[in-house]
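Have a look below at one chain only, the form predicted alone, in C-alpha cells format.
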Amino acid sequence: MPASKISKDDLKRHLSEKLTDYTLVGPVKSRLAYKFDVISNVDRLEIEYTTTVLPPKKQFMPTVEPLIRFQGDGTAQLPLIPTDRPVALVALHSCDLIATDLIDTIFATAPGDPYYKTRRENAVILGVRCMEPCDTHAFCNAMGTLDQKGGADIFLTPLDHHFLVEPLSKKGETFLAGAALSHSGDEDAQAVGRIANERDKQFRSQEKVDLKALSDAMTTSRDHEIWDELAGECLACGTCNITCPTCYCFDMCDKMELSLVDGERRRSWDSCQLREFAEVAGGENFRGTRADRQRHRFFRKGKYLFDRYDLTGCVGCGRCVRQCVADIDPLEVYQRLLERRSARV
C-alpha cells in the first residue's frame, strides 16, 4: 500500500473498532507523566506525547514473568508461554522502534526466547514521528535514531488535522483494512520536510555521534579517568537500566507457595549497576566497584551491542538522563570519549 492519510478523528474511530480484535496498548497521561497502558477507551490515548517513564519493552518483557510451574510430585509445566489475544502497540517513538528492533534481533539469536517471541509475533506496532523534541533530555538525533521506523508495522506522521499513514508490513496492511484512508499529495511531504527542518534545530546537540568511532574510542578507554569520575557521582540505584529501552538483563528466582511444595520460577528485570549483579558464589564479584559497573554500562551501549549487531545500544531517548538523580548524561560521556580519540589521531 502507498502512503496515504487519515483524519485524527477517523484514526481514533478505527482504533476503537479494533478493540474487538486487539488489546490496545498506548501512551496515556498519568498523574505526573506518560505511561504505556492497556486502553479500553481510545479517548485516553495520547498519540502526540512526551516520553514515557518506562519503555514499551515491558509489553514483550514483563517486569516480573513466570517461566515454569513446578509441583511437589516432580512434574512441571514448561514453559508457561503466553497465549494472549493480539496486541496493537500504538504510538511508539522512533527511538523505541529502534530499541525494539535491537531486542528483536537479540532474542531471535539462538537458542532464542519463546516467551518474548510469542508476545512479539502476536503484536502489531504503530510508530509515530516526533514533530518536535519530545523531551529536553532527548538526543535521538545525535544517535541517528530520529525518524527511523525500526520494527514498526505502520508509521504515522502527525500534521495539523490528519496523520500520514505508511503501512510497512502485511500485519500493518491487515490492521488498516477498513480505515478511512485517502490519498496523500506532495503538499503533505513538503510540510513534513519544513517541520522536520525546524524541529532538528531545537535539539540540544546538532552533532551526530559516529557509532563506529565511538566503538573504537571505547576500545582504548578501559582505563579512562571518566569511569572513576562517574563512580563518584553514581548512587548505584539501577534506574538507568530499568528505564532503558534496550536493557534486557534479568534475575531468576524460585517462588515457593506457603506449602513449600509447589511453586514457580520467575524472571524479573535486573540492573548491572547493582553491586550484587555480578556477584557469584564465595563472594567474588566480577564488577565489584561502581567504576567497573559504569564502564560496563557504557561499553554495553556504545561498543558490545554495536560490534555484534551493528545497531546502537543507546537510542538517545533521554529516559536515563531524566530519571538519574546524579545527572549522568550518556551523550556527554560519548562526546568526551570521542574528543579523546580525536586528540590521539
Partner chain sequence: MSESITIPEQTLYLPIPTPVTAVRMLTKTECLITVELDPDRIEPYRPGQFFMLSLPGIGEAPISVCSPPEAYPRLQLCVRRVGKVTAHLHQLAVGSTIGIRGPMGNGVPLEQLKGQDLLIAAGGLGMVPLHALINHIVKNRADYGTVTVLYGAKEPGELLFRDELLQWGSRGDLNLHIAVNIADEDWMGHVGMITTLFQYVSVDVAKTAAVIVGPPVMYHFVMQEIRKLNLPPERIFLSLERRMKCGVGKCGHCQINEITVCQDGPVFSYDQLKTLPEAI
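Note that the structure is predicted; figures quoted are calculated from it, not measured. Residue numbers count along the first chain shown, from 1.
The same protein has a further form, the form predicted in complex with the partner chain, not shown here; the description that follows concerns it.
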Worksheet item: Would Lys57 count as touching the partner chain in the model of the complex under a 4.5 Å heavy atom rule?
Response: no
Worksheet entry | 4.5 Å heavy atom contact, Met131 to the partner chain in the model of the complex | no
Item to complete: Answer with yes or no whether Ala278 is in contact with the partner chain in the model of the complex, where contact means some heavy atom within 4.5 Å.
Response: yes
Discussion item. So, Thr109 and the partner chain: in the model of the complex, are they within 4.5 Å at any heavy atom pair?
Written reply: yes
Worksheet item: In terms of non-hydrogen atoms within 4.5 angstroms, which of the given stretches 202-210, 132-140, 114-122, 157-165 touches the partner chain in the model of the complex?
Response: 114-122
Discussion item. Checking a candidate spot here: are Lys8, Asp21 and Phe36 all in contact with the partner chain in the model of the complex (at least one heavy atom each within 4.5 Å)?
Written reply: no
Worksheet item: Ok, Leu235, Met252, Ala189, Ala177: which has a heavy atom sitting within 4.5 Å of the partner chain in the model of the complex?
Response: Met252
Worksheet item: the partner chain isn't shown here, but in the model of the complex which of Asp147, Asp216, Asp270, Asp228 has a heavy atom within 4.5 Å of it?
Response: Asp270
